[in-house]
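A single chain comes next, written as structure tokens; it is the form predicted alone.
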């Protein structure tokens, strides 16, 4: 179970969220919505231990989230790729850091970048850069996926592929927390959480 208990975050003297609690069972997806500035990205970063909270705690299967690094895959709203490296080099670096063995060429072919894998990422489109970052989902053994706007700059076919990947992860008992400006299919969403902008 993913458990968030009494989370409170204050930034620039403004309360983003206060005493926020929720739970997510194995095999469930939480769809996080709200207007810009409501704190969606801050909440996602808080769930994976990248954002300091004024109050509250997050745990995964009874363990503090700070002890669960290997069980978490976090992909932010920015691609987080080295634009001077190629897509293949970026993947090789990621997998070396996580001590994973992976066929980078095969993975890039799966996301439609087979003919572009050796071009510096700076020359790729926004959608192609996004796909370089998202490739990690195909290789990840993490139980918890926390994804900030994964569908940004992704075409219709790409959205279908990602949706299918979400379904597979859920069937395997994974947890997904995702925010998106695109409406997710009702059958994919198990829980909704809406943040409001607080002045």
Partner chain sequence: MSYSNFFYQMLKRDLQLAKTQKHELGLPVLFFILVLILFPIAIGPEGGLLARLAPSVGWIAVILAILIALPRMFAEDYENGWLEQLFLSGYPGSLIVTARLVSFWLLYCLPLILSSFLLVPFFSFDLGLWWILLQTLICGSILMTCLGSLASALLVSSRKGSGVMALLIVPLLIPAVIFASAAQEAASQALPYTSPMLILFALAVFALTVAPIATAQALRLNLG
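Because the structure is predicted, anything quoted here is derived from the model rather than measured. Residue numbers count along the first chain shown, from 1.
Omitted from view is the form predicted together with the partner chain, to which the following refers.
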Exactly one listed stretch (44-52, 160-168, 137-145, 26-34) reaches within 4.5 angstroms of the partner chain in the model of the complex by non-hydrogen atoms, and it is 44-52
Heavy atom within 4.5 Å of the partner chain in the model of the complex, from candidates 119, 80, 126, 106, belongs to 80
- prompt: Does residue 69 reach the partner chain in the model of the complex if we count a contact as any heavy atom within 4.5 Å?
  reply: yes
* Report whether the minimum heavy atom distance between residue 85 and the partner chain in the model of the complex is within 4.5 Å. => yes
Is residue 93 part of the interface with the partner chain in the model of the complex - any heavy atom within 4.5 Å? yes
